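One chain is shown next in C-alpha cells, namely the form predicted alone.
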C-alpha cells in the first residue's frame, strides 16, 4: 500500500505505532542461533509465530531457514507448553539430530510464564537430551525490544551456557562479537583479522550458513557457524571486542563476569573512522602492527572519497533501521560531507541520541533523531513531507516513501526483501565502505541523469 495520504502535521503519539521501524525479538534470536554450527533454532510458541520468523529470514537471505516449533494449540495456551516442549526436544534429537537446540520464547509462552530452565532440566532428567547434545534458551517476548534485542539475548545465552575459563593464564586469542551484520560482514571481519595475524574466536557466525554455496544437495546443517568448543574456549581469551553496543555489550559483560575476560565495546566498523577504530583496537588487542595491505585498502577508500566528494557534498539523507548500524552510517555520511538529517530506529534502548551526537561532532540540533515505539516509518514520512531529503538509506520498507516522494533509495540493513546479494557483499571494513560509496554515488548519478535536460545530459560527470 502506498502512502500518498500521509499527512504533514506531526502529532505526538503515546500508544500507536504505524509501520514500525523494527521487527520482533524471536527473529533476532533465530538469526543468532543459526550462527552456531549444527544448531536448530526452536520457537517455543505457536506455528504461526515460527512461520513468520522463518519467512522473514528466508526472504532476506534467499536461503531456506530451518527452525522448529512447540506448536501451541488452545490447550498449551491455557495450561502451559511444558508437554509440547518436552515432546519437541525428544522428536528433534531423534529425527533431525542437531548438536544444539536453541529455544527462544514468544509472546504466548512468555505471557503464560513457561520456565524454560525447569523444562530443560526435566528433559535432562528424563533422558531426552542425548550425551554430547545441548539445549540452550533465551527469553525473547515480542511485545518488548526488537529483533536486535533478541539477537543480543541469544548471544548472551551462548556465553552463559558454554563459555568457560579453564586455563590458568589467558591466551593470545581475541574474541569478537560481531553484532547483527550480514554473513559477508562476518567473513570480512575474519579476513581483516587474518591479514593482521590476530587469532580470533567469533560468534555468532552466520557465514557459511546463510551464504552457503549451491552444491545441488540440501544440507540441513551447513559447514559454517561457531562450534561449541570455540564458544567454550572464548573464556580463556585475552580480550573481547564487542561490535555494536546494542547487539553485543550484554554478551561481553556476561563473559567478563563469568570468565574474567575484559572487553571493549566499539561501534560497528562501517565507514572510515569506525573501521579505523576497529583496526586500531585489533592491533592493540593482538599486539601486532597494521600490515601494508590494510593501509593500502584504507588509502583506496580515501582516494575514492576524494574523487566522489563533489557529488556527496551537502546532500541530505534520511536513515532508519538498527541502532548500531545507524550510528556508524551517520558518521560515515558526515565524513562524506553529506547531512544525515532524519534518523529513526524502533529498537528501544539508552544513549542512542548521545551516540549519534558523538559521531556527528555534537551537531545533534541539526538532526532529527527518534528511538522507540513511536519512532516508525509513518513519522519518518511525515518529516520528509515537511522537508525533503536527497537520499534514503534503509531496509525495503522505505521503498514506498521512495516511490511516493520520488527520492533515491539505497537498501541497507534488515530486512531487504526485494533485492538479492546483500549477504554476499560486506559493508564493514574499508572494502565495505567503498561499496557503500559506490551504491550512494550510483543512485545520485542515476537521478542526475534522469533529471538532466537534454542540453546538459553529459557522458562524463
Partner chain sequence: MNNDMIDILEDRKDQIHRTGAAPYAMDCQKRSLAGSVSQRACVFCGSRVVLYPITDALHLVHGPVGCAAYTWDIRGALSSGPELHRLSFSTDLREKDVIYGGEKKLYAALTELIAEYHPQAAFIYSTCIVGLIGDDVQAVARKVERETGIPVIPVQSEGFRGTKSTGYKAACDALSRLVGTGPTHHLPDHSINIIGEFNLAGEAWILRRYYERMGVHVAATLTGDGRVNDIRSCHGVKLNVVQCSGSMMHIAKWMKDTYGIPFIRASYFGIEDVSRALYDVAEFFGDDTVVERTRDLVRQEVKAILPQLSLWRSALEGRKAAIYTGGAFKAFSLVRSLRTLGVKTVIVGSQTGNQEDYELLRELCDEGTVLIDDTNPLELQKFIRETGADLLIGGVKERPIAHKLGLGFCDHNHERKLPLAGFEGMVHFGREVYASLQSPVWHLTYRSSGPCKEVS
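Everything quoted here is computed from the prediction, not taken from an experiment. Positions refer to the first chain, counted from 1.
In what follows, reference is made to the form predicted in complex with its partner chain, a form of this protein that is not presented.
S.K.: Although the partner isn't part of this model, could you tell me whether residue 436 comes within 4.5 Å of its partner chain in the model of the complex, counting any heavy atom of the residue?
M.R.: Judged by the heavy-atom cut-off of 4.5 Å, residue 436 is well away from its partner chain in the model of the complex.
S.K.: Answer with yes or no whether residue 30 is in contact with its partner chain in the model of the complex, where contact means some heavy atom within 4.5 Å.
M.R.: So residue 30 does not count as contacting its partner chain.
S.K.: When the contact criterion is heavy atoms within 4.5 Å, does residue 308 count as touching its partner chain in the model of the complex?
M.R.: Contact check for residue 308: no, nothing within 4.5 Å of its partner chain in the model of the complex.
S.K.: Can you tell me whether residue 10 touches its partner chain? I mean in the model of the complex, with a 4.5 angstroms heavy atom cut-off.
M.R.: Judged by the heavy-atom cut-off of 4.5 Å, residue 10 is well away from its partner chain in the model of the complex.
S.K.: Would you mind picking out the stretch of 254-262, 297-305, 218-226, 231-239 that comes within 4.5 angstroms of its partner chain in the model of the complex, counting non-hydrogen atoms?
M.R.: That would be 218-226.
S.K.: Which residue among 292, 95, 166, 117 has a heavy atom within 4.5 angstroms of its partner chain in the model of the complex?
M.R.: Selected residue: 95.
S.K.: State the residue from 278, 352, 72, 203 whose non-hydrogen atoms include one within 4.5 Å of its partner chain in the model of the complex.
M.R.: Result of the distance check: 72.
S.K.: Would all three of 16, 91 and 400 be in contact with its partner chain in the model of the complex, where contact means some heavy atom lies within 4.5 Å?
M.R.: So, yes: the whole triplet contacts its partner chain.
S.K.: Using a 4.5 Å cut-off on heavy atoms, which residues of 321-354 contact its partner chain in the model of the complex?
M.R.: Result: 348 alone.
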